[in-house]
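Just one chain is shown here, as structure tokens, and it is the form predicted on its own.
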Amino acid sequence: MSNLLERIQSVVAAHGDRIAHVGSHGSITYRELWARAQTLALALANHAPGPVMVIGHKEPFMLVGFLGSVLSGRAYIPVDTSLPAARVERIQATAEPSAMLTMADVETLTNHWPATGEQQVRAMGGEDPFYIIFTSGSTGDPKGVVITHDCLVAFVDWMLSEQGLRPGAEVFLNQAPFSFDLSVMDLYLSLVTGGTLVSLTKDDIADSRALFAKLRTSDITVWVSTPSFAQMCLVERSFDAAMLPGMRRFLFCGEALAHKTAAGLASRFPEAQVWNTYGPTEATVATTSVLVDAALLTAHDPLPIGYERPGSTVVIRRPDGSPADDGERGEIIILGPNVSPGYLARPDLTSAAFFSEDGRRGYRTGDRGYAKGGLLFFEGRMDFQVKVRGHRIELGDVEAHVREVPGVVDAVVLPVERRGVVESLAAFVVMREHPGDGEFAASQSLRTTLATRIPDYMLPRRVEFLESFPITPNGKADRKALAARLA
């Protein structure tokens, strides 16, 4: 595999004056980014071996921190300032970093960056850890997913071959914080093609007026976000091709892409492609993809997550480990060069989720799905299932039906528990037109419509209408915040 850092260096040599990143504190050119990164690498050379924690929020100096770390031979750990201090402390305790860099640290250490930047890059490659992203663990302790250089190259090369990105001509949206692996998609596709990365800050996202004002002047051509964020934008009626005339493609990952969201984007942006991708952090961002065109929208609801990427294998397996038949549900298993070697400093968790088969690394996702006719379908987490009065219910199944009710823009369905027992379901709903004082009548109407489509035991007993959903820093619907409303 070719060296990723050398590829970025070649972009710097050819297009040093091009803007690499527009962030929360201005912008940075490729030449300055690379020279500061090299300067930081020299400063880190005196530190002990080990990963580097880079702490910030969408600043250009975060990219300096990332590249400076890997140029010094150290993996980086992106930490967003929105993370609670207690979580950062747990990450630090697990990672035992060789350095913790704030944006002020990066600026101070690189203020005397050389104008030429002629130093050679370190030959990082192969199984060298490139970055470590911490995800939520079932016990409350975050897990550090180690992604190697070759894992990242395998992902980047696949996306480049599939997406037909134009060197030096693309402007990428960065919606997810750098501590969320979805950001790897926009960050490295931009860097290796000489694109410009435009970051939306948490303040931009929280203020709809600021958000759409920034989008109007962004010149974005490649949109990378969670489906929830795009659905939130679709509530704004002016969010269309007139607002973003250069839009060429939408790339989604991180959660299920609703049929309604994809159809809405296809209608508002008729010249742009909509792509659905799927993959856990442990398999380097994404492993499957599919172009959501008119034919796919007509043929499938819910939408498939696509076809496996070349070089990797996605299989559906029964609880006993045997392969499922076509159309049979089971656990999604991923094998291939994009699979992580495991969790940082957690051999117990690594052995439980990762394995080797025919010389390839494999990962048990814990996701439920099935394959039919070559296409893969995702049906939620294996543990995202509740039992109400003896009936097993997939919450995603109920959500899908609520979204199909006329006038509904989006929906989240949660269990209502009493003393550890699920007594009923609650639906949080965003309508195209908020019912205002008529919420009771709207609730009854929605339940009446649902009753024609799903069994009585699946009907949400409580329906609450919201103007919009609270969004996590990663751009997903904040289910914890919604669940707090049920207390």
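Given the structure is predicted, the values throughout are model-derived calculations rather than measurements. Residue positions are given as counts along the sequence shown, with the first one as 1.
The same protein also has a form predicted in complex with a small molecule, omitted here; what follows describes it.
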{"query": "G254, N276 and R381 each touching the small molecule in the predicted bound form (heavy atom, 4.5 Å)", "finding": "yes"}
{"query": "Option from 406-414, 103-111, 279-287, 339-347 whose residues, in the predicted bound form, bring a heavy atom within 4.5 Å of the small molecule", "finding": "279-287"}
{"query": "D80, E399, D186, D181 - the one with a heavy atom within 4.5 Å of the small molecule in the predicted bound form", "finding": "D181"}
{"query": "Listed residue (L197, V224, C151, I305) with a non-hydrogen atom within 4.5 angstroms of the small molecule in the predicted bound form", "finding": "I305"}
{"query": "Partner proximity in the predicted bound form: T201 to the small molecule, non-hydrogen atom cutoff 4.5 Å", "finding": "no"}
{"query": "The small molecule contact in the predicted bound form: D367, any heavy atom under 4.5 Å", "finding": "yes"}
{"query": "Interface membership of R318, the small molecule in the predicted bound form, 4.5 Å heavy atom rule", "finding": "no"}
{"query": "Exercise: T313 in contact with the small molecule in the predicted bound form, heavy atom 4.5 Å", "finding": "no"}
{"query": "Relative Cα spacing, G330 and Y457, in the predicted bound form - shift of 3 Å or more", "finding": "farther"}
